[in-house]
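What follows is one chain in structure tokens, specifically the form predicted alone.
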């Protein structure tokens, strides 16, 4: 059964809403977002999505729906390839490569570790400043590409100025008026936060998940 445009938009909205709020929308919220005034029409489309095994519903509660993880033909979780753009510093910022668009390789990531909406890319972590966030040297982070992040989120940012801090780094992001605090997540006193003018910081995205290989 093929998704109709309206059903596709409903599914996208559910993903976006869960991504933002961490719980699913109500039928009325879905209708308002996709331009359907009748709750029965929304319900009809949700039933079709349920038949296609794309959602599951508990009709006894107002937010009783959830997305079903996609499966591959062998019954395992579906994976998707995303670009791995090289290294990022979990410590002092590292210089930008001469060609930042160069893709080192593509890596396969399980769907459950990818953002539910938007584009994603990966970076290999170099350094120890985020170990309390369970991000270690050599880990690969999956990043949702977005130009803004909320306070406290782990973000990939580029510091443009001053020159001694210029480069790309992985830190907790906090905005205070016209300044940005980039804060490490390591109790070692040698790792200290630093402040940068907001106009001198470029956000690439927020960390969605971490991949680690155990030897």
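The term rigid core refers to the maximal set of C-alpha atoms that superpose within 1.5 Å between the two forms. Numbering follows the first chain given and starts at 1. Being a predicted model, the structure only gives us computed values, none of them experimental.
Keep in mind that the form predicted together with the DNA is missing from the display, and what follows is about it.
Shown alone, this chain has one stretch from 44-52, 155-163, 170-178, 142-150 that lies within 4.5 Å of the DNA in the predicted complex by heavy atoms: 44-52. In the predicted complex, residue 28 approaches the DNA with a heavy atom inside 4.5 Å. Using a 4.5 angstroms limit between non-hydrogen atoms, residue 61 touches the DNA in the predicted complex. For residue 183, no non-hydrogen atom is located within 4.5 Å of the DNA in the predicted complex, even though that partner is not displayed. Using a 4.5 Å cutoff between non-hydrogen atoms, residue 36 counts as a contact of the DNA in the predicted complex. Each of 4, 40 and 57 is positioned with at least one heavy atom within 4.5 Å of the DNA in the predicted complex. With the core held fixed, residue 17 shows a CA shift of 2 Å or greater between this form and the one not shown. Relative to the superposed core, residue 151 shifts its CA atom by less than 2 Å between this form and the one not shown. Taking the rigid core as fixed, one finds a CA shift for residue 48 of 2 Å or more between this form and the one not shown.
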